[in-house]
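Here you get one chain, nothing else, as structure tokens; it is the form predicted on its own.
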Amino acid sequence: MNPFFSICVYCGSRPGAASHHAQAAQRVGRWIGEHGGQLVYGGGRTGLMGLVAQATRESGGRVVGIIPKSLVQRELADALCDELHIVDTMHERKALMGARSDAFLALPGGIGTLEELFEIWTWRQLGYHDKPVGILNLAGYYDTMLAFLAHTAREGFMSAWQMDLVRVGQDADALLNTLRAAIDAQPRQSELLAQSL
């Protein structure tokens, strides 16, 4: 299968305390598969990461996992990926995830998810890519983070332009449709990030 698009999903290697997190991860994976897409993700089979990969696969989508050697055992690398890349460092992991993706979506997660989200957001601000970035603010999970970022803008450390670089939504299907429309509106930039880093 030649996928129509690739979406990188950042999310927790844990399932979270509430069942709606798992349900949202499965919904995102199903949407990617049902729309002929490819998932690019952190390569683990635990938590939300494993659920989004499994749902993508079961719905007919391709799955590309990218994981550093140091996390292969801890996050139980998913041997069922269509492609499983084992890299030396987190820097290599994130650069390859960026290069293989047409858009990026953050689901609920911990500090790893936040770090990946903020880095890809920063790369867009700096012009390393022009790919759409989304945050699924499921059940208000990211409300306090977004409020803090609005505070940084009021304090003069961010601008409205920077905030507008990220699309925020509470409904998975609607947000994914928005990201897909943004992908279709621009040429694919499969190697731009790798060349820029």
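One-based numbering along the sequence shown. Please read all numbers here as calculations on a predicted model, not as lab measurements.
Below, we refer to the form predicted together with a small molecule, which is not included among the displayed structures.
Peer 1: Out of Leu96, Val87, Leu71, Leu84, which one falls within 4.5 Å of the small molecule in the predicted complex, going by heavy atoms?
Peer 2: Among Leu96, Val87, Leu71, Leu84, a heavy atom within 4.5 Å of the small molecule in the predicted complex occurs only for Leu71.
Peer 1: My question is simply whether Cys11 lines the interface with the small molecule in the predicted complex - judged by any non-hydrogen atom within 4.5 Å.
Peer 2: Contact check for Cys11: yes, within 4.5 Å of the small molecule in the predicted complex.
Peer 1: Even though the partner isn't displayed, in the predicted complex is Glu116 close enough to the small molecule, meaning a heavy atom within 4.5 Å?
Peer 2: Taking the distances in the predicted complex, the answer for Glu116 is yes, it comes within 4.5 Å of the small molecule.
Peer 1: Give a yes/no on whether Val40 approaches the small molecule to within 4.5 Å in the predicted complex, heavy atoms considered.
Peer 2: Because no heavy atom of Val40 falls inside 4.5 Å of the small molecule in the predicted complex, the answer is no.
Peer 1: Quick one: does Gly127 come within 4.5 Å of the small molecule in the predicted complex, counting heavy atoms only?
Peer 2: Taking the distances in the predicted complex, the answer for Gly127 is no, it never comes within 4.5 Å of the small molecule.
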